[in-house]
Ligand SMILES: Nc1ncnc2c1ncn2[C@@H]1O[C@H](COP(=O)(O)OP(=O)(O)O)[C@@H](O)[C@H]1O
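For reference, the chain that follows is the form predicted alone, supplied as structure tokens.
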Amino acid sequence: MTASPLTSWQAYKRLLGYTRRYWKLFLLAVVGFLINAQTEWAAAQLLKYIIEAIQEKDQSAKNLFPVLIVVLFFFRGVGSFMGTYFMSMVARHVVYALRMDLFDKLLVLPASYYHSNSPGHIAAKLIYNVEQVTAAATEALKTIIREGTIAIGLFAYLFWTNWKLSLSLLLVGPFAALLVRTASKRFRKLAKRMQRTMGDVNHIASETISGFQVVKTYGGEAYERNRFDQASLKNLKNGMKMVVTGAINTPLVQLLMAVAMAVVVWVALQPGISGETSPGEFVAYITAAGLLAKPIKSLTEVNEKLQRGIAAAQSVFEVLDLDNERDTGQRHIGRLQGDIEFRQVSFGYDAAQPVLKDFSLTVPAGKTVAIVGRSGSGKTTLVNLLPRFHDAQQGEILIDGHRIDEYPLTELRKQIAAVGQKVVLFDDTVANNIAYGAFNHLPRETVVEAAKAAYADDFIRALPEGYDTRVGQDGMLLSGGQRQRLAIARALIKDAPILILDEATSALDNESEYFIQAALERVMVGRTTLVIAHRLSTIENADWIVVMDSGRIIEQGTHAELLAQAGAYAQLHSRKFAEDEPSETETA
């Protein structure tokens, strides 16, 4: 499913590839940094100029000196602004593009990715890891270009002034390179650990926040705090290790540069070495050599940010290189009739433990089939195969006589509406939750009609802002029954030929269920409906009932036929379905 991992250079080169569309801005930034770099060695040259003017008592040169200082700092400011502004513009656009690419990728990844990765870790990649890429794409790149051009300019000036003397500065190069390389490997290793621990922190926080009721009900505060504390401590330790590595690396490189400088000064001060070098030239040379300390220090310190960004880029590109949902369908469709056929379908999340085994079932268009069975019998997995959230590992599923993988995913899913036992609502208005996604263009009148059909209009109008009331995160400002009715209204507004109801009335009280059941019976007319339910009324009104156990059909028939058989269905019916006040315990 994934390609071979990218090397550090491959990841950084690919990251820099995002800058190609902004090459004009990038060029302006480079020009700005080049201008800024020239002012560094020009400052040393200006020092030589004033010393010689003082020695020679050249008053005109002395008078020109203040003007030259102003001009120097003017160009330094212009260059610094150009470089910083345009490089930041390029870098932020790169981060924006990368984040959007990652988000777009998450929208087309198969369900298996979400099963094997927690929401907290996925969110950490999208938010934390991409933000770490900023360190490589903004601050690091800006520092490398700015300080790198300054260092190159100063070295060029030193070699132009006295190339023999300047050679001694290069003696420390191999030692500095070795230090930087060693530190880079450790930075990158620690950065990957930081990403994992940040994912753990985010994951635990997300679970605790979303499950706060369970945490408070069962006294889990201390347990969750301990989990969060342990994950945060790991993150802290890895962060401190990065600090220590940087704190050791930078002084060592500076010490090497100081040794080189000491050698240069010692050699320059030996009799006969200076030759005809004037005091102004000598001071300018030593000043330029001293100015090297700042860019060398900055280039050494940026290594931490660079390696952290590269590690983050590797993590992001790993996701971007994952395979999308398989979507090879070419059969374009209008509106399907809704004939469904499962032919010897087998599927398992774990190949060693199949959930569905050689399952075969035909559902004629417009009919309602109820699927019952004990928990874990494979009912929900079965209906999730229909919109291809998973693909059957053996056998095939057909709609209107054609395999479902012949239809493009988008068009296939347009034909299916679903209401599950776990209602998902977004922190948006009631109206936008009903007319969600591709249906948000529908007029308010259509939204109200769907709400009325789901018996949700009355409670919606009683909300503070009616249909414009925000429902909160996951609809937490509404009751369970209210959330369920909004989900049913969302399914109604889609007007799809195939309807899946997975415990769609499980969160409703008896009075609400009565109204919803009446609404669903109207909606089911002319639609192919697969119902997973444990309520008596839902089962009895189905055209056909399928009893599942361990991924297979063990009984099927009408309600009366199955009761007459006195088999598994009759036992389930007597235990769970025959009560006047149905139990809320899930059995299906």
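The first residue of the shown sequence is 1; numbering continues from there. What you see is a predicted model; the values in this text were computed from it and never measured.
Keep in mind that the form predicted in complex with the ligand is missing from the display, and what follows is about it.
- Note on contacts: among 377, 143, 482, 149, the single residue with a heavy atom within 4.5 Å of the ligand in the predicted complex is 377.
- This chain is drawn without the ligand; in the predicted complex, the residue among 132, 245, 381, 315 with a heavy atom within 4.5 Å of it is 381.
- Taking non-hydrogen atoms only, residue 115 approaches the ligand to within 4.5 angstroms in the predicted complex.
- Though the partner is left out of this view, residue 349 does reach within 4.5 Å of the ligand in the predicted complex, counting heavy atoms only.
- Using a 4.5 angstroms threshold between heavy atoms, residue 319 stays clear of the ligand in the predicted complex.
- Proximity of residue 355 to the ligand in the predicted complex falls within the 4.5 Å heavy atom cutoff.
- Here the chain stands alone, but in the predicted complex its contact with the ligand, taken as any heavy atom within 4.5 Å, falls in 367-375 among 305-313, 456-464, 443-451, 367-375.
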